[in-house]
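To begin, one chain is listed below as structure tokens, in the form predicted on its own.
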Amino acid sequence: MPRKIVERPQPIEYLSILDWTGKVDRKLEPDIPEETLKTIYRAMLFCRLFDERTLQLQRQGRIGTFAPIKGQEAAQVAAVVQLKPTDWFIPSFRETAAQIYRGLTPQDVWLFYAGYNEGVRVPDDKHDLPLCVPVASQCQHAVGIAYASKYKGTDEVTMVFHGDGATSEGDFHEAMNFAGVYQLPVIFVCQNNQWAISIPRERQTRSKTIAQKAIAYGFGGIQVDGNDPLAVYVAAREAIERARSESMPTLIECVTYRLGVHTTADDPKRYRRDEEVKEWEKKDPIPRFEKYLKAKGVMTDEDFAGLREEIRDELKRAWKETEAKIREFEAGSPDVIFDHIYAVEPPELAEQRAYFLERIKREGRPDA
């Protein structure tokens, strides 16, 4: 019986076009229309300022815990900007930038983090799913949707986001296997932000890259500089074309960094060094993209400053509207928490509702 090599390792491509100093590789630079470049930049900046405002609101006790996105704007916006409205977008819990680009409003996000489910309701005509907190479970949803799209013969593409920690979960591997076996039009976008809460990337997997995990499942993977919007744009464009025309999946590993906390309940100083954060701050995608746009003559310093003021004003108005909506909800009946659980309310739940209302009547509302 022979001992022989049956398969040699397949190389994994790494793509970077715009370095952290703003210098672009002209040979690799994609031909992106100026309006699209401005759209990407505005969406990235909007979500950076939205993130900062949301952190202030959380620290003031006006909303609950949330997962900031600071540093990961390029990996999200540049990936979804080429999806059609009819394509499917499946987020985890840190894709606020991509969610807002796809149509969610700041008011929606704030309402959700203030405790109201109304904030995550997706309009019936949208092909987006609400955020998903159980790690990697959204990958299963994505391949199911992609399978349905292929079965029905549509040209819809599904893009699902997850973190590097999700690649340690069974749901991720089951979804990848299903996508490979059935050759589904699905794109897995891994935001490898180096930390799965307090566990560093090197303790997540012995694989040299996350992208190479796709090889085991029979399709392609690519690793890109996730803080480089041009590289993410090119990788997403190629993956979308492959999914739409060949019905083949792709795994895109965006190498990025979580500049802030995992969630607002987390203290990263307990497990990572300030020096590491400072090194990654030099690679921040927003100033890097600003240098590129300025050198290309697409935007000026005055444009950047004006846009920041415009967005801050927009966010002020949005929070006033959110506060008004919260007051409206609080003025309603508190037994709304029993609604929408069953189509026909069972007797034990009706009993609990009656007890709850009687107690409120006897003791008053906690917030009164």
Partner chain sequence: MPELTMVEALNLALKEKLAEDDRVVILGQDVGVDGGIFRVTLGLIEEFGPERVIDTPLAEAGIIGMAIGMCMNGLIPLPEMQFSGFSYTAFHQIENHVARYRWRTRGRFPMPMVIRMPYGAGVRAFELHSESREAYWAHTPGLKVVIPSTPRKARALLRAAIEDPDPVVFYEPKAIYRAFREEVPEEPETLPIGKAEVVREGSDITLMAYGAMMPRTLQAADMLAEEGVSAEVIDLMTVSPMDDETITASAKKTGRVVVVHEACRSFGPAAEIIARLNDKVFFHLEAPVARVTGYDMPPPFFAREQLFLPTPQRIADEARATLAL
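The term rigid core refers to the maximal set of C-alpha atoms that superpose within 1.5 Å between the two forms. Numbering follows the first chain given and starts at 1. Since the structure is predicted, the reported quantities are computational estimates derived from the model, not experimental observations.
A second form of this protein, the form predicted together with its partner chain, is not displayed here; the remarks below concern that form.
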Exercise. Does A166 reach its partner chain in the model of the complex, with heavy atoms at most 4.5 Å apart?
Worked result: yes
Exercise. According to a 4.5 angstroms non-hydrogen atom cut-off, is G64 in contact with its partner chain in the model of the complex?
Worked result: yes
For this session: Answer yes if any heavy atom of R362 is within 4.5 Å of a heavy atom of its partner chain in the model of the complex; otherwise answer no.
Result: yes
Problem set entry | Proximity of D155 to its partner chain in the model of the complex, heavy atoms at 4.5 Å | no
For this session: Using heavy atoms and a 4.5 Å cut-off, decide whether Y116, V120 and V133 all contact its partner chain in the model of the complex.
Result: yes
For this session: Quick one: from W280, Y217, F112, Y147, grab the residue that has a heavy atom within 4.5 Å of its partner chain in the model of the complex.
Result: F112
For this session: Taking 4.5 Å between heavy atoms as the contact cutoff, choose which of A305, V336, L28, A324 touches its partner chain in the model of the complex.
Result: V336
For this session: Within 4.5 Å of its partner chain in the model of the complex, counting heavy atoms only, one of 296 to 304, 313 to 321, 42 to 50, 326 to 334 shows up; tell me which.
Result: 326 to 334
For this session: Let me know which residues along 337 to 360 have a heavy atom within 4.5 Å of its partner chain in the model of the complex, or say none if there are none.
Result: I337, F338, I341, E348, L349, Q352, Y355, F356, R359, I360
For this session: Verify the C-alpha shift of P11 between the shown form and the other one: is it 2 Å or more after superposing the core?
Result: no
Exercise. When you overlay the rigid core, is the Cα of P334 off by 2 Å or more between the shown form and the other one?
Worked result: yes
